[in-house]
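Listed next as structure tokens is one chain, alone, in the form predicted on its own.
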């Protein structure tokens, strides 16, 4: 399928798909039988990878982390234990972010209380 169909199927803009391609997250292939254009063609694996990218971004993975994630899932270079360790690292990172955000929230709440009490 061409990029426009891929965009329709995934709900991701062609511009974003090209960005992911330039970032090395996905790869289109030229149809060797067609010599009249330089269009890239995409397969079902690309659809799966784009779905993984969207999900990974939604839970806070960076582009570099997503690249590692795709390598882990699609290259079979990573064992089950390594895949689990990769996911555990993100869970630890998210737990720390949650802790930091709660501390920030408590601090802001205290500032708000100080303002209401006329302390500042």
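Numbering follows the first chain given and starts at 1. A quick note: this is a predicted structure, and the numbers were derived from the prediction, not measured.
The next section is about a form of this same protein that is not shown, the form predicted in complex with the DNA.
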- in the predicted complex, residue 36 touching the DNA (heavy atom, 4.5 Å): yes
- Query: Should residue 93 be classed as touching the DNA in the predicted complex when contacts are defined as heavy atoms within 4.5 Å?
  - Reply: no
- Query: Is residue 16 close enough to touch the DNA in the predicted complex, meaning at least one heavy atom pair within 4.5 Å?
  - Reply: yes
- Message: Contact with the DNA in the predicted complex for residue 63, defined as at least one heavy atom pair within 4.5 Å: yes or no?
- Response: yes
- Note on the structure: Taking the DNA in the predicted complex and a 4.5 Å non-hydrogen atom cutoff, the residues of 1 to 31 making contact are 2, 3, 4, 15, 16, 18, 19, 20, 22, 30
